[in-house]
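For reference, the chain that follows is the form predicted on its own, supplied as structure tokens.
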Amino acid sequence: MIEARDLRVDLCGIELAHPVLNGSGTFDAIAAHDVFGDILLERFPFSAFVSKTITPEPRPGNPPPRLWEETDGVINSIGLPNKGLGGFLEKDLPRLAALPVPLIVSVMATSAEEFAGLVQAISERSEVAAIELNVSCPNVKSGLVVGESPDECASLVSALRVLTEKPLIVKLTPGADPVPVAMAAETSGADAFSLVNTLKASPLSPAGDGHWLGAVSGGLSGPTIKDLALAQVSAVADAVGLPVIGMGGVSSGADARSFLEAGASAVAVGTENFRDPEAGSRIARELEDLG
């Protein structure tokens, strides 16, 4: 008989009941609570909740169509719609604070100054356990994607580190070798890493009349990118001494175990949430049963 494993995890000082989180933007806890009521709180599928990415000002998102379904994945061009910092603090944070798990807030901006404003405001809130830095957006001053440049990422993390004592989780992009970026961020004060983000993709319309997505390109996710994600998670975990949250095609306990064996301390479920809203709980149970 296989003995069930102890799934408890310490992530940057945050105690988690199991290592399964959600990927930012892939599970709307507020909408789910509106639909399912308090049973959602009783059966919450994740050990910590990562918010949608928050930007300084409100964003409507990209024009439709926003989704393209592949055989083994999804290309999304949602475009980070959100209420902006003020709307998040006033309307979303009070409701997310009622969740029965630690709250991680994802933030993104196009300059260090804007990032600083987000981190300072979020850091002041006791409801927030950690901050995830989505560094996949170009810096308006340099034109570089922060997550693709070790120097840019190190500079940003250094500037933000002095503003908060909360853990800073840097979400790395697969668009460049993540190892040098992770190493630079580690020396600058990062507490953990999450990877991989989606891969840039641009599906064509089946009617042969151009690109399908309203914004032309989007991000590919799901099982189709799992092997690439495992390789990058393994490389980063080998290179740094900080926790790594692995993601990219996690849809079963066996997938989660593969990421943990590759060096991840925890995993995040993204695309699978669209098919199965209780995927997080199921994957945690499957992982426990694997022993």
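Only a predicted model underlies this, so the values are computations on that prediction, with no experimental measurement involved. Just count from 1 along the sequence shown to find any residue number.
From this point on, the text means the form predicted together with a small molecule, which you will not see here.
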query	finding
Touches the small molecule in the predicted bound form: P45 (any heavy atom, 4.5 Å)	no
Heavy atom of A184 within 4.5 Å of the small molecule in the predicted bound form	no
Interface membership of T173, the small molecule in the predicted bound form, 4.5 Å heavy atom rule	no
Exercise: L85 in contact with the small molecule in the predicted bound form, heavy atom 4.5 Å	no
Segment that reaches the small molecule in the predicted bound form - one of 114-122, 196-204, 147-155, 210-218, heavy atoms within 4.5 Å	196-204
One residue of I225, A29, V244, A256 in contact with the small molecule, assessed in the predicted bound form (non-hydrogen atom, 4.5 angstroms)	I225
Among the candidates L163, L89, L99, V74, the residue which, in the predicted bound form, approaches the small molecule to within 4.5 Å (heavy atoms)	V74
